[in-house]
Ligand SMILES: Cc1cc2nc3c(=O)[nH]c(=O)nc-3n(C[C@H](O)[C@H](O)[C@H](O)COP(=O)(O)OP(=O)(O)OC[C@H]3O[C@@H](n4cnc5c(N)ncnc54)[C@H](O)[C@@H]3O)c2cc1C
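Single chain ahead, written as C-alpha cells, the form predicted on its own.
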C-alpha cells in the first residue's frame, strides 16, 4: 500500500477526464436499450489509465461487492493464501441478507448442495445462538434453507470470518471504473471518504450483483426478460415489532382457515403450548386472499400493495415479523434505470406504510405493532447478467444438466415474480442441475470472475440460480479458483475447475 493518499485531481479535472457534461451519467446508469431486447449497452466508462490517482491496495485478489457471493469469494480466496481486499459500498457485509432484510435463506431443494463455506457459516451462526433449524420435517429444505440468517448475527460473523482469513475490508467505497489493458483489468477505481483511489490486483471478482465491474471492463451483458424487456420486480422489506405471533397464527389457521403453512401447523401448535417462539409465516394465499382484497375495497390498501404479501417470524425476536413485501410493480419500475429505481424506493416506502397500517387496524395480533426496521437496500432480484464462456439457459434446469466443471448444485425452481410469462415445471425429487465454472468467466477479460445473480445466464435461468446458497457456493468456487490460478500461473478464464485437485475444490460433480 502506498503511504501517501492525497487525491491530486480536482472535481473539475475529473469531469474533463470523464468527457461528460453531467455527473449523473458517470456511473453508467442510463438505460437506452430498447425494452424488447435483453442485451444491454456497456456502462458509461471513463479512461482512468493516465489519471493521477493514488493506489490504496495492491493485492492478489480484489472482490467488489460484499453480498452473499462476494463475501464468500473473498474469504475463500484469502483462506487459500491470496492477499485479498473486499470492497463494499455499505458498512456491513451480507448484502440483501443483512441490509435488505432478505431472510429466511431460500432452499436449494436438493441434498448435498451445502459446500464447505456454507457448512462453516451455519456452524458459526449456531455458536452465536442463532437457531438455523426451523424443525420442518420435510425432504425439500436443504442448502441454507433450513433456517434464517438473522442480520444482527450475520454481520458480526462475516467480519470475524474475514478477520480470521486475513481479508482487508474496504467499507464505504463505491466502484466508479476500471483500468484495462491487453484483455485484463489492471486496477479498479473506487470512490472513498478520501476521494478516488485505485486498487490493483492480479485477479478481480465481480460480486456487485449488477455486473458493474464486468460492464466497466467491457464485458457483454443482458438485462431483463427476453420477451418483455422487464426486470424482475423489486421489493423494500421491513420488520414489525410488538406482535402477538400466536394470535396472528390462530387468526390465519382458524378464522381464515388458511392452509398456506399447513406443513408447519403442528410445529407451531407445539411451540405455543410450550411457550416457545414458533416459526410461522403468512401470505396472501388462496383462502386468505379475500382478507387483503377487502382492504382494497375499503380504501386502506391498493392493488399494488397486495401484489405480493408474505411475512416470517424471526429466531431470537419473539415479537417481530419480517415482511417479504412490498413488491413494486415491474411494469412501473426498473432495477436497471437509475431514476426509476430511485422512485421505486419512495413508492415502496409508501406501500410499506399502507401495509403496516392495515395490519395494525385489521390483523389480530398486530394491535400494538409498529415498524421496527426498514431495509437499507432495495431488494433487487435481477438486473444485469453477463454473457460468459458458458451461457446457462432454462433448458439446463429443465433437463437437470450436470457438468464436469460444476461448482455447485441446485434444484430451486424458476421463480419469476411477474405476470405469468411461462410455467416451468419443478424438478422431480432428487433431481438437480449444476452451475459450470465457465458461467463465471468471460472471453473478453482473462482475470475476471463474475459471481452471484449476475453470472452468465438467461432471464429464466437466473430466476433459479439467484438464491443465496447458490450465490455463496459460486463465490466460494471463484475465490478458490482465483487463488489457484495465481499460484499456478493460469488466467481465470483459462483455468479448468476440474483440473484443480479434488481435495482443493469446494464441489465436485457426481457426473
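Residue numbers count along the first chain shown, from 1. From a predicted model like this one, the values you see are computed outputs, not experimental measurements.
Omitted from view is the form predicted in complex with the named molecule, to which the following refers.
* Identify, from the list 439, 87, 408, 214, the residue with a heavy atom within 4.5 Å of the named molecule in the model of the complex. => By the 4.5 Å heavy-atom cutoff, the listed residue in contact is 87.
* To do: Identify, from the list 388, 330, 379, 151, the residue with a heavy atom within 4.5 Å of the named molecule in the model of the complex.
  => Partner contact (heavy atom, 4.5 Å) among the options: 379.
* To do: Have a look at 100 to 108, 359 to 367, 340 to 348, 193 to 201 and name the one stretch with heavy atoms inside 4.5 Å of the named molecule in the model of the complex.
  => Partner-contacting stretch among the options: 100 to 108.
* Indicate whether residue 62 is a 4.5 Å heavy atom neighbour of the named molecule in the model of the complex. => No, no contact at 4.5 Å.
* Asked: Would residue 449 count as a contact of the named molecule in the model of the complex, using a 4.5 angstroms cut-off between non-hydrogen atoms?
  -> It does not: once the named molecule is placed as it appears in the model of the complex, residue 449 has no heavy atom within 4.5 Å of it.
* **in the model of the complex, residue 237 touching the named molecule (heavy atom, 4.5 Å)** => Residue 237 belongs to the contact set for the named molecule.
* Contact flag, residue 224 vs the named molecule in the model of the complex, heavy atom cut 4.5 Å -> Residue-level check for residue 224: no, no contact with the named molecule.
* Heavy atoms within 4.5 Å of the named molecule in the model of the complex is the criterion; list the residues of 457 to 487 that meet it. => Contacting residues: 466, 467, 468, 469, 471.
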